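Okay, here we've got a single chain as structure tokens, the form predicted alone, with questions on binding and movement later.
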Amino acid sequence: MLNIESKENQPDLETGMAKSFSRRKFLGVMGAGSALVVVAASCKKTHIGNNNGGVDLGSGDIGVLNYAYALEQLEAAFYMQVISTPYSQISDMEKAYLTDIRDHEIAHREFFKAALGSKAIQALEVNFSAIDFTSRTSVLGTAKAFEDLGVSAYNGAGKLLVNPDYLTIAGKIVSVEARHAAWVRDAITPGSFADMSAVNAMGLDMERKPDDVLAIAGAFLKTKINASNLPTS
């Protein structure tokens, strides 16, 4: 188990990840948005906020890591459902890529769980009732929104981390999430890949603050999240 509480006893995170997931398929990855925001807007008050009685992510670097852990739990649960109940007429290629993405998200989830140890938040209960898992359009549209959300979340949270080791591993994970996002976007609209809806005029990916991210993600979580103790700068 990785120790995040003592810098002196803290092992190398990259080595820890490799050892923790040596049996997983860390394969070479190929990597609705507006509807998600609309749904989330109606759920914002019940899922995040100050002292709302929800699961407290914590403060400092631990809080930021739990924030990432919560998002990885959501993504892993989504892709597990996608592969468990494939949409109608899914192609072999799409199922293979989505299976790879599922495996990456599970690996990310388990990495944060192991790294946080006793500081990890509980397993979150999801709510995917708004997603039609029999529909390619619904599944890929949600996948695109989740991946874009994940990339923007990591980009927005990086500056909140103090420990440079955590920042390094977050950078490695967000690059994988961006590969996912690019593949999903291209699967929906061939040739779109990393278009200007995901990259700004300076050629940079978008970023979101934790409150904005959790307002969207909260629409797909039954478990309430309290992010009030996260650092803001």
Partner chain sequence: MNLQNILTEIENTDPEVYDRLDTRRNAMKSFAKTSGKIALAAIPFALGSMFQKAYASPTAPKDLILDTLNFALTLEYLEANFYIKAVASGIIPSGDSLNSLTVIRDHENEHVNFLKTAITAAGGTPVSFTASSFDFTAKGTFPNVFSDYGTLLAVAQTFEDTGVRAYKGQAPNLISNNDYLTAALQIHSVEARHAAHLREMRKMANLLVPSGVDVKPWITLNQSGIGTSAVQASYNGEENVTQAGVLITNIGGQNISAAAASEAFDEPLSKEQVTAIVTPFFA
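Here the structure is a predicted model, which means the values were calculated and not measured. Positions refer to the first chain, counted from 1.
We do not show the form predicted in complex with its partner chain, though everything after this point is about it.
For residue 159, a non-hydrogen atom is located within 4.5 Å of its partner chain in the predicted complex, even though that partner is not displayed. For the chain shown alone, residue 163 is a contact residue for its partner chain in the predicted complex, at least one non-hydrogen atom being within 4.5 angstroms. Residue contact with its partner chain in the predicted complex: residue 151 places a heavy atom within 4.5 Å of it. Its partner chain in the predicted complex comes within 4.5 Å of a heavy atom belonging to residue 101.
Three-residue candidate spot 54, 119 and 130; no residue lies within 4.5 angstroms of its partner chain in the predicted complex by any non-hydrogen atom.
For the stretch 92-115, the set of residues having any non-hydrogen atom within 4.5 angstroms of its partner chain in the predicted complex comprises 93, 97, 100, 101, 103, 104, 106, 107, 108, 109, 110, 111, 114, in sequence order.
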